[in-house]
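Before any questions on binding or motion, here is one chain by itself as structure tokens, the form predicted alone.
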Amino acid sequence: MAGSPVQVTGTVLTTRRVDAYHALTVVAPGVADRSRPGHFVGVAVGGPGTSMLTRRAFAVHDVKPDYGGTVELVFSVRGPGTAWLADLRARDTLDLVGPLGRPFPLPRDPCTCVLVGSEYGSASLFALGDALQRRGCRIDFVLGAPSADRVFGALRARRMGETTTLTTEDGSLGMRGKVTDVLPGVIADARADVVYACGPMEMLRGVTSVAVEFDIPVQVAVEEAMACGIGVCMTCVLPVIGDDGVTRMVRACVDGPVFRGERVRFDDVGTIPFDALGAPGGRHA
């Protein structure tokens, strides 16, 4: 069944460096054929004797039918877990659980979509772009990072997109600045109908503000620390406004990671707002 998670022991097919990042392709039948754009996987790190007990969450960058199904993950080394992953070689094995989370919703009819990514958050946008183009949608990319070596997927975006706009904070690639500096112009020029975004929370907040100004929908894939990936540990909760107007502390790993941007209370992420359902001294069901 599409989307139902499975646990597999996958075999590493290839590893490669992509500028500042590492890309790992794993043979993972079951995970690959269930994955949809926006899904992520939970990866056990450190090997069988490790003290690193929690899995690491990674968005699925690419899925291919080769060898019964492969998934590609893109990451940067940020600690001992990702350092261990970066040292893996072809034919090593990897314990994966996936696909996890809720994927990006796709439009029923062809429309114009702007895809916005920052750093390796861009990785999850390319499978989304493929799915949108299969539905007859136009896609325009806006990709950014602090420096040129941290912009992920620029060449692929140029091949896929009607337009591709690149930004770097140091001016080493594309326009100097952030994605939010150029996004209004891209939306206006493309006459965009919807924005999809993935990247750090501060970027998602800015992208959402721009989309709201243009009165168009925005879907964001949030980057929250996830320890279990299945909704048990509650480390990834954030305040989101429901259809009924009530704020609830929802789990990014099972209720997301994709949310309607205007529903996420970005200013209150990391806190429990006083008016959230079940908050101490606040609203109760």
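So that there is no doubt, residue numbering starts at 1 and follows the sequence shown. Just so it is clear, the model here is predicted, and its values are computed rather than measured.
Another form, the form predicted in complex with a small molecule, is not on view; read the next lines as being about it.
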Of 63, 26, 59, 218, which residue is found within 4.5 angstroms of the small molecule in the predicted complex when only non-hydrogen atoms are counted? 59
Would you kindly say which of 81, 206, 174, 146 lies with a heavy atom within 4.5 Å of the small molecule in the predicted complex? 81
Give a yes or no on whether each residue among 106, 141 and 194 has a heavy atom within 4.5 Å of the small molecule in the predicted complex. no
Within 4.5 angstroms, counting heavy atoms, which one of the listed stretches 125-133, 69-77, 157-165, 181-189 is next to the small molecule in the predicted complex? 69-77
Though only this chain appears here, would residue 246 touch the small molecule in the predicted complex if you measure heavy atom gaps against 4.5 Å? no
Taking the shortest heavy atom distance, is residue 31 within 4.5 Å of the small molecule in the predicted complex? no
Since only the chain is shown here, I'm wondering whether residue 259 would be in contact with the small molecule in the predicted complex (any heavy atom pair within 4.5 Å). no
If you check in the predicted complex, is residue 240 within 4.5 Å of the small molecule, heavy atoms only? no
